[in-house]
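Given as structure tokens, the chain that follows is alone and in the form predicted on its own.
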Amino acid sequence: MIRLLYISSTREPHSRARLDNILSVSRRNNVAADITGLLIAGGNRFLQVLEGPEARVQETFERIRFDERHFAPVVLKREAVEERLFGKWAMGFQPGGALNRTSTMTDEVAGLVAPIDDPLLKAYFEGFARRHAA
């Protein structure tokens, strides 16, 4: 099993309808592929971690790389893992900025990543949240 963390930019600004569509399709596909993870959207960027069987995670990332809604995807971390950190989520999600008015993005992301014991992975998500919380 592997865990892959990447960041990408979007060609169009985030809208709630667009993000809801991405989540719906991603969750359906991820359940079928035995992939779990977390997606954070902020500004015109996505930060996402995918974990699961190596071939399926790689296929999913390749599909993302060639998705016209993304450009410049960069793998930040790729590692073999024994167990999942995001096993409860087909795709956990946190919007930022104007899309999330109930609490701060920084607080929400901190809660989502609190159980993570990987300091680098946690730092990527917390830093992204701080940068895109406004």
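The structure presented is a predicted model; accordingly, all values stated were derived computationally and were not measured. Numbering starts at 1 and runs along the sequence shown.
What comes next is about the form predicted together with a small molecule, which does not appear here.
A.B. asks: Is L50 part of the interface with the small molecule in the predicted bound form - any heavy atom within 4.5 Å?
C.D. replies: Yes.
A.B. asks: F46 near the small molecule in the predicted bound form, any heavy atom under 4.5 Å?
C.D. replies: Heavy-atom contact with the small molecule at 4.5 Å: present for F46.
A.B. asks: Taking the small molecule as it sits in the predicted bound form, is T60 near enough to touch it, meaning that at least one heavy atom pair lies within 4.5 angstroms?
C.D. replies: Answer yes; at least one heavy atom of T60 falls within 4.5 Å of the small molecule in the predicted bound form.
A.B. asks: State yes or no: in the predicted bound form, is some non-hydrogen atom of D67 no more than 4.5 angstroms from a non-hydrogen atom of the small molecule?
C.D. replies: Yes, D67 sits close enough to the small molecule in the predicted bound form that at least one of its heavy atoms falls within 4.5 Å.
A.B. asks: Counting only non-hydrogen atoms and a 4.5 Å threshold, tell me whether T106, A110 and A123 all contact the small molecule in the predicted bound form.
C.D. replies: Contact check failed for every one of T106, A110 and A123.
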